[in-house]
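Listed next as structure tokens is one chain, alone, in the form predicted on its own.
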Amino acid sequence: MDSIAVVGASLAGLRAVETLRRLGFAGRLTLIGAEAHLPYDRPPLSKELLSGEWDRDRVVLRRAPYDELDLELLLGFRATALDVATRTVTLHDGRTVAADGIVLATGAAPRTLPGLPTLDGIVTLRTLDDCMVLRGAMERGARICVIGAGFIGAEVAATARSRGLDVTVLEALDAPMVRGVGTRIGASFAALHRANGVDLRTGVRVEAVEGDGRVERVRLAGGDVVACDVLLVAVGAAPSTGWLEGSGLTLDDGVVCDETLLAAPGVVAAGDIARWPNPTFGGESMRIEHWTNAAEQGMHAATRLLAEDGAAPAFATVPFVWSDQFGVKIQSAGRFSAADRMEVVHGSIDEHRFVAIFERHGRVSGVLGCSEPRRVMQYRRLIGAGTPFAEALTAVE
């Protein structure tokens, strides 16, 4: 293999590039990114950078010179098509990049709401530029309304409250993240935000977003009105696969890969865009939008691309994600939902310092902890080992 193109210049793409060079790949290497910025870290966009605690220089992902990687950087170029047979990427300006190997790492894009009007002050949060727009509004003392109480919505609400701003969060479900964590833990997250001054409204439906050129209010079913200067839509993300339609790849809420992250001969995928059967969970097909997964998959995808067929290992992992809200570190690992059996094995949910574990098929499948990082990591190892649930209940002191 004499040439490789990496499409997507964020965490997964950068880790793929670095790994290729570390493994001795000496051929032509091209990194293509839709944004004009060098690869940067996304978690601080809803926390430290948004709050003003950090400046833009602190979110760069690589401190060492890019010259050391000996690559062609095409930043500000959006990929619009891929020909799998010839492994040729077409860019938005019409130019093409052909390579012997392709790494797909174009991530995900924020979902929006149907019928949303075109008004200034309606924002999403995915990019560095998005963050700086929202930060500027916060510095001007804007009243913030957030639709969606998932991790992004909750983190932005916590950051805005830390700056003393008025914040209203609108959630269609009965509690934040209730489908994933269940009613008890969801209610504790709701209590945490309300105790810190967030006007959290659950079980509500947005009927209209209104304003004269700029967003001014959100009208709810039932007649309630939320006045705001900025509206953050935080209702999840979708994998950025539209440009791959017609490529010959299998697309199903992501790029469908085998267990080694191979999507087609000479083509691998990594990060938010990749869907693969995870051997750690019996081959369950999954797509994960978390930092740790992007970093790990970027490295694995690069390794797979250089490996001989039949010699590459499967990508087996225990998913891990974290969030910081009002001084509480929320961490989870594994796979779980509200439908799984849950037991609190340490601490108290009401005090926001606890560890809860989840059961599927007789084994411990997931863990969620608040301000218990050591124990969460211990349970993550037990999940990876396939530990029986009954044993896990008393396995960690």
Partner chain sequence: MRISVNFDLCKSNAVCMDAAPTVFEVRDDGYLYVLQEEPGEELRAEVEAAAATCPTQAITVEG
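Numbering follows the first chain given and starts at 1. Everything numeric here is computed off the predicted structure, so don't read it as measured data.
One more form of this protein, predicted in complex with its partner chain, exists but is not displayed; see below.
Practice problem: Within 4.5 Å of its partner chain in the model of the complex, counting heavy atoms only, one of 334 to 342, 30 to 38, 354 to 362, 368 to 376 shows up; tell me which. | Solution: Contact criterion met by 368 to 376 only.
Quiz item: Taking its partner chain in the model of the complex as the reference, which of Trp322, Trp243, Phe77, Phe326 has a non-hydrogen atom within 4.5 Å?
Solution: When its partner chain is considered in the model of the complex, the option within 4.5 Å is Trp322.
Quiz prompt | Listed residue that, although its partner chain is not shown, lies within 4.5 Å of it in the model of the complex (heavy atoms), from Leu73, Ala295, Leu249, Val123 | solution = Contact check passes for Ala295.
Practice problem: Could you confirm whether Trp291 comes within 4.5 Å of its partner chain in the model of the complex, counting heavy atoms only? | Solution: Yes - in the model of the complex, heavy atoms of Trp291 and its partner chain come within 4.5 Å of each other.
Quiz item: Hey, in the model of the complex, is Arg21 touching its partner chain, heavy atoms inside 4.5 Å?
Solution: Arg21: no contact with its partner chain in the model of the complex.
Exercise. Answer for Arg58 alone: is it within 4.5 Å of its partner chain in the model of the complex, judged on heavy atom distances?
Key: Because a heavy atom of Arg58 falls inside 4.5 Å of its partner chain in the model of the complex, the answer is yes.
Quiz item: Might Ala108 be said to contact its partner chain in the model of the complex, defining contact as any heavy atom within 4.5 Å?
Solution: No, Ala108 is distant from the partner.
Quiz item: For the spot marked by Arg15, Glu48 and Arg62, is every residue within 4.5 Å of its partner chain in the model of the complex through some heavy atom?
Solution: Verified in the model of the complex; spot residues all in contact, yes.
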